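Next comes just one chain, in structure tokens: the form predicted on its own.
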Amino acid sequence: MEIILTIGLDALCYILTLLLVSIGLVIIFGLMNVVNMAHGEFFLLGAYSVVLVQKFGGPFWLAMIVGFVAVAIVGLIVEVLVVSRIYHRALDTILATWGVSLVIKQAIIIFFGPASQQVVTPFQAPAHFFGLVYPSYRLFIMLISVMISLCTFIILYRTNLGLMVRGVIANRHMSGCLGLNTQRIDRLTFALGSGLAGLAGVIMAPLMSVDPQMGLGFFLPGFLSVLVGGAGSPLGALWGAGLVGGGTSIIAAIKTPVVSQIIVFSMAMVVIRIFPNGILGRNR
């Protein structure tokens, strides 16, 4: 029973973290039709913001704020200087954001070096419940991920800003004809999506080896979650993260990580074949 509960909690932790990455991707991809190949590097920047803050003796909560704000600003700069000029050229956006990802990686190597960095876990003592000893920091990750995800969905589905964002996702040209400033919405949501990826990097940094290649490990399952859930609906990120993240964690605990990736990627291809626009996707 303890093993089952541990596997379930580990899967939930991974699902919720992947959800933060996927929400940012689905907003950017669904709103702008931009495949942001630098999204994994935004995750990377968030992780390295923890390294930088702890280097100067700052607390972990400050790293969370710095990681979100700093990466959101970087995302805004990338949108203004690069993405905004090539919205209608899908292949160019892939190449341009891939180039941005390479620049970010090389900048990290220049400033921090190629070696992996270690981050101090803010909560050392384990939690005890139902006869199970479980890392308290993983429970903290779940709590923060749920709170941030709920706030994001409330903004998207219960505010005027969210209504405008969903309107642009549904029909950009009609939204522009109705008077919405689509360019301003694009920049705001690109910055928000980037900041969410940075925040995910912050909270995952204590559990991982922080190195210049770590972003790829979350970009691929995050983008796969978007394809499975549906790029036309922000709620699709929840379905996609649950299926991809949950399947990966559970199968990896039973078999091996390699086998889990093979099985999950195969299942994802079947789902995409049956639902070409994703489970909650709309015909574009």
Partner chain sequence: MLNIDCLHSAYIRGANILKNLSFHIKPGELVAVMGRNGMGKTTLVKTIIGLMPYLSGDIRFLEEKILGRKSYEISNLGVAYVPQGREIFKDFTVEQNLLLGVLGKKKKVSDFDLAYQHFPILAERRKQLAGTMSGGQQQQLAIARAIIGKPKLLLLDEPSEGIQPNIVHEIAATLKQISATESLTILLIEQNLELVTRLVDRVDFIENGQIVHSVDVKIIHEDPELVARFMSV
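As the structure is a computational prediction, the values presented were derived from the model and not from experiment. Each form is matched to the other, and the largest set of C-alpha atoms that superpose within 1.5 Å is called the rigid core. Residue numbers count along the first chain shown, from 1.
Just so you know, the form predicted in complex with its partner chain exists too; it's not on screen, but the next bit is about it.
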| Location of its partner chain contact in the model of the complex, chosen stretch of 103-111, 83-91, 170-178, 129-137 [non-hydrogen atom, 4.5 Å] | 170-178
| message | Does any part of Leu163 reach within 4.5 Å of its partner chain in the model of the complex? Heavy atoms only, please. | response | yes
| field | Core-aligned CA displacement of Gly167 at least 2 Å between the shown form and the other one | value | yes
